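First comes one chain, alone, set out as structure tokens in the form predicted on its own.
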């Protein structure tokens, strides 16, 4: 998206000083509460004026303290979706959706409202009062309102943190469909590693108002494995479900995996904690687990008293965590052939 900035802002005792540039179409902002994530969003949107610095997006200079340039929020063509939907309570769903749409020139209206409502599955809500919406419906309407403003950039500040996990994972597919269909650049703010891995290509890590890392979500997840009791969470996009006695068989690249869960459609996303994978040095003669994959060790991760083991399973990556004693007994090292066993009920469907 060609975003380039170096901005400074002092708010009370909090000093914000961040500089980066990126061409990623999907950028994540990750950090603990108080790290400066929301400050960055407000600076990008123009809701907060920097003390100094430069902010360029695409071919436009939106802020430059030396040249005394500060483009107002309404002229930046940057939409913001916050943690709380902030829908107008006196307007119904349809009028909320069209609020920004009606305030931009007709020539800039490139997104069809009816089509977007179908993508977000909110067409049946148009005449409803916002007070009658569920939390998930409110966030989908807020997303629709932001997208119908036909923004050049969409900012989302912890948009799913107020929802329970079930609703959160219901909304993510809608968000992905919207971004892909309308080709809108995204800056996504969250403290959820799972949301980052599902939605963005690159992550900025903030701490105490400063940038500490600019990396991929996958690399960040592996660096933080030791902080998670479940270890690393594997994501599986499984396709083409086929009944297998009382179970279901799915394709995972060139592999087949057997699960207890069925899905509607041809594709679904599942997770599997790395701690739920058993490793064997040789092919076991008989085991109760329905999945046995042969893989080659690609990488090892030091996790204090545990070891992260990444296997290449016929072109697909699988990460298991084991204790050091088990790693020694298995002679785990890059290039080593191992077998991974996974129970059919160990997988959890995301969407």
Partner chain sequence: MFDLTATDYQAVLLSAKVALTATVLALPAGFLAASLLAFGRFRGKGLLEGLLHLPMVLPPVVVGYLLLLLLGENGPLGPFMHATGLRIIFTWWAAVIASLVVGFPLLVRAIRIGLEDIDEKLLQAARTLGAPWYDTLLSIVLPLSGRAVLAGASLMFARSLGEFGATIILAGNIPGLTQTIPLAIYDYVNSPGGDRGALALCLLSIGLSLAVLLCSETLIRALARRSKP
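Just so it is clear, the structure is predicted and the values come from calculations on it, not from any experiment. Residue numbers count along the first chain shown, from 1.
The same protein also exists as the form predicted in complex with its partner chain; that form is not shown, yet it is the one meant from here on.
Q: Using a 4.5 Å heavy atom cut-off, which of 320-328, 289-297, 305-313, 44-52 contacts its partner chain in the model of the complex?
A: It is the stretch 44-52.
Q: Considering only heavy atoms, tell me if residue 131 and its partner chain come within 4.5 Å of each other in the model of the complex.
A: Although its partner chain is absent here, residue 131 would touch it in the model of the complex, with heavy atoms inside 4.5 Å.
Q: Quick check on residue 185: any heavy atom within 4.5 Å of its partner chain in the model of the complex?
A: Contact check for residue 185: no, nothing within 4.5 Å of its partner chain in the model of the complex.
Q: Within a 4.5 Å heavy atom cut-off, is residue 162 in contact with its partner chain in the model of the complex?
A: Output for residue 162 is no: heavy atoms all beyond 4.5 Å of its partner chain.
Q: Can you work out whether residue 272 and its partner chain are in contact in the model of the complex, taking contact to mean some heavy atom pair no more than 4.5 Å apart?
A: Looking in the model of the complex, residue contacts with its partner chain do not include residue 272, since no heavy atom lies within 4.5 Å.
Q: Check 211, 214 and 224: does every one of them have a heavy atom within 4.5 Å of its partner chain in the model of the complex?
A: No: none of 211, 214 and 224 comes within 4.5 Å of its partner chain in the model of the complex.
Q: Which residue, 237, 260, 74, 244, has a heavy atom that falls within 4.5 Å of its partner chain in the model of the complex?
A: It is 74 that has a heavy atom within 4.5 Å of the partner.
Q: State the residue from 100, 136, 113, 231 whose non-hydrogen atoms include one within 4.5 Å of its partner chain in the model of the complex.
A: Selected option: 100.
Q: Residue by residue through 128-165, which ones have a non-hydrogen atom no more than 4.5 angstroms from its partner chain in the model of the complex?
A: Contacting residues: 131, 145, 146, 149.
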